[in-house]
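The data below hold one chain only, encoded as structure tokens and taken in the form predicted on its own.
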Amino acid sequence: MKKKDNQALAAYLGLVIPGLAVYLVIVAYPILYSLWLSLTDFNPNRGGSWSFVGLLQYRTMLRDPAFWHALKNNLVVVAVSVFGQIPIGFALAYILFRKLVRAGIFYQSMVFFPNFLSTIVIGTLWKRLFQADGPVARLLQLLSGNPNAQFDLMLRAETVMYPIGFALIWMYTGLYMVVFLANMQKLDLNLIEAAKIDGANEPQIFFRLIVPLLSGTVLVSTTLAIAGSLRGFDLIFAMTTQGLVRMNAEVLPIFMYRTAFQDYSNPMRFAYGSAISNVIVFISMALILLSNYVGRKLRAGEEH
């Protein structure tokens, strides 16, 4: 018994405690520090002095039009990820799994290829394509016959998120395609053959067999998409230049960055930025819990 106790103690000392220490330093401490900072008026220009102000930063945020604008844009990104990347990735995975096209390996590689590139490179590429005198504008000029036609979606506040949404789908759809394809390859092919013998066509196999079997994978992918959308920074930052375009396309992470590191007129910018980061986490958790709740309800309905 004593030997087992010594082994358990050695396991705790050698594995659990170092892992816990790393977690506390790298994850728990920054979270707690951010929560504390958001409840103060911390100002590095005053030598780091601070006073407890309670929920002042959060009340300020709720009255800030820039916050609501960034939140609206972020919800657009979440919608594009959940209702664009995941369904398209699922459909492409099914096409490759059922070998409905030739040269499936080639198409799989091409769709997944953007994941090998730097996000900054991709953002710069799409910015060049979508700029007012870029290749897309030249194509519009050729198709319309109007030599003065310009691609101005990136220049207007009400349409700037459309090109960004297209770039997001192009970049991340391949990731979900590979995830769904890997899980489809684990399925029992006898189920599909039995469905075909019963007279099921491809759409019926897809919606009535494959989708229910991979509902858990869809839920996990939705969680990843929501979390990634609410912390997405680099692609949108690279696609938008300084000035009006970036302000129009501003999402919560960029709003947090601008507030904390660029808004020198705000003496409490670090505290305000911490409050914004905490709200991003809270919104992400709320959307993930909502998606899990909807997923459980849908699975319960299928069982009945």
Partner chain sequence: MKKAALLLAGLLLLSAAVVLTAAPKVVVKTMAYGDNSNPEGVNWLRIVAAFEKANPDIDIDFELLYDEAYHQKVVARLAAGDAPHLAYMGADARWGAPWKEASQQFDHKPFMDSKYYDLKLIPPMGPKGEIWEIPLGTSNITTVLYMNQKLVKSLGFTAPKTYQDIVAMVPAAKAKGLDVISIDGADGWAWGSCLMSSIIARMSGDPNWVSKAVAGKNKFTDKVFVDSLDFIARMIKDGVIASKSVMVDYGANLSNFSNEKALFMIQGQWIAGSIENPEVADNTVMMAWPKLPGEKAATAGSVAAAISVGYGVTKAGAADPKVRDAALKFLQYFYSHEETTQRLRDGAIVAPVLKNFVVPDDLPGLVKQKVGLAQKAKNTEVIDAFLSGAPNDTLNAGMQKIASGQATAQQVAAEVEALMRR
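Residue numbers count along the first chain shown, from 1. The structure displayed is predicted, hence computed values, not measured ones.
Keep in mind the form predicted in complex with the partner chain is missing from the figure; the text below concerns it.
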*When you measure heavy atoms, are 30, 85 and 206 every one within 4.5 angstroms of the partner chain in the predicted complex?*
no
*Per-stretch contact check against the partner chain in the predicted complex, the hit in 125-133, 186-194, 111-119, 217-225 (non-hydrogen atom, 4.5 angstroms)*: 125-133
_Contact assignment for the partner chain in the predicted complex, among 75, 169, 95, 155, heavy atom within 4.5 Å_ = 155
*Exactly one of 235, 39, 279, 247 has a non-hydrogen atom within 4.5 Å of the partner chain in the predicted complex; which residue is it?*
247
*Report yes if any heavy atom of residue 270 sits within 4.5 Å of a heavy atom of the partner chain in the predicted complex; otherwise report no.*
yes
_Using a 4.5 angstroms cut-off on non-hydrogen atoms, would residue 52 count as touching the partner chain in the predicted complex?_
no
*Decide whether residue 261 counts as a contact residue for the partner chain in the predicted complex under a heavy atom distance cut-off of 4.5 Å.*
yes
*Give a yes/no on whether residue 151 approaches the partner chain to within 4.5 Å in the predicted complex, heavy atoms considered.*
yes
